[in-house]
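Just the one chain here, the form predicted on its own, laid out as structure tokens.
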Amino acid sequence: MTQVAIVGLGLIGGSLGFDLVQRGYTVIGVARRPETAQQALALGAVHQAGTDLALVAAADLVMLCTPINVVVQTATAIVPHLKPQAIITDVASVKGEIVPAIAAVWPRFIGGHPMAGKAEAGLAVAEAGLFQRRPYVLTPTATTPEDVLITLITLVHDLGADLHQCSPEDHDQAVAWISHLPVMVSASLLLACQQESNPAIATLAQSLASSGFRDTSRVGGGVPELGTLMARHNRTAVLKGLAAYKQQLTALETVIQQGDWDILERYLSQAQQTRPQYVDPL
């Protein structure tokens, strides 16, 4: 496989382009706007670019890097242009509804999700090495052709990412816990702070906010459209996460109201011991 088409030249698509060009792949970019295609060419993220989906005709692999809500629509639109042995993959953060829908129109498809990103969006913030040592999930099913899986495994390794494989359904629930739920929680934290009725205290809080607040509020201050798409297309899993989080908040509120400081310390100690299971210590 030498020719890769990237449909959608934003943060993820552009970053993939940089890495694949550096690794010797021939990269074709397809963007919604002509100026984005020209920018990708000027930056060296692609070898060829335009707005016509027919550009994918030369590709051995097509990577769909569009917003979640148009991934299936885009896959369906490119099918008439594909080589018979071409492979499609995507990078969306939701897999349960996307995988069966695309596989139904193009069996040589495998779901993918590189777990890398920024608060900002767009080609201007794309960078080489974004996926280095970051999780990259593949979601093969019982009908995924073996050569399709092997091709994507090779690509993930070429990107220097850490490969994970699971079912689309397991992916969506796991990602709800560690990606989609934090967006909702972080956004709620920011809006809760805005409920301070005293303008002087609100201004003081804004002046005092430092690394701890920056860490906990970062994803809540990200791209609103992306957070909305996460909840819309992974609704069941996100609601499960929110219900569990609400239960924890209620329990914590009760402990503090009752002044059970020993219980609170045990609660916080459990959280401290749990964190390394999800995040490597710095």
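Here the structure is a predicted model, which is why all the values come from computation and not from measurement. Numbers for residues come from their place in the sequence shown, where the first is 1.
Unshown form predicted in complex with a further copy of the same chain; subsequent notes refer to it.
- With the partner omitted from this view, the residue of Ala104, Ala121, Ala187, Ile153 that lies near a further copy of the same chain in the predicted bound form is Ala187 [heavy atom within 4.5 Å].
- With the partner omitted from this view, the residue of Val70, Leu252, Ala58, Leu41 that lies near a further copy of the same chain in the predicted bound form is Leu252 [heavy atom within 4.5 Å].
- The chain is drawn here without a further copy of the same chain; in the predicted bound form, the stretch among 60 to 68, 253 to 261, 46 to 54, 30 to 38 whose residues come within 4.5 Å of it by any heavy atom is 253 to 261.
- Using a 4.5 Å cutoff between non-hydrogen atoms, Pro182 counts as a contact of a further copy of the same chain in the predicted bound form.
- In the predicted bound form, a further copy of the same chain lies farther than 4.5 Å from every heavy atom of Thr2.
- a further copy of the same chain is not drawn, but in the predicted bound form it has a heavy atom within 4.5 Å of His171.
- At least one heavy atom of Gly212 is located within 4.5 Å of a further copy of the same chain in the predicted bound form.
- With contact defined as any non-hydrogen atom lying within 4.5 angstroms of a further copy of the same chain in the predicted bound form, the stretch 67 to 103 contains no contacting residue.
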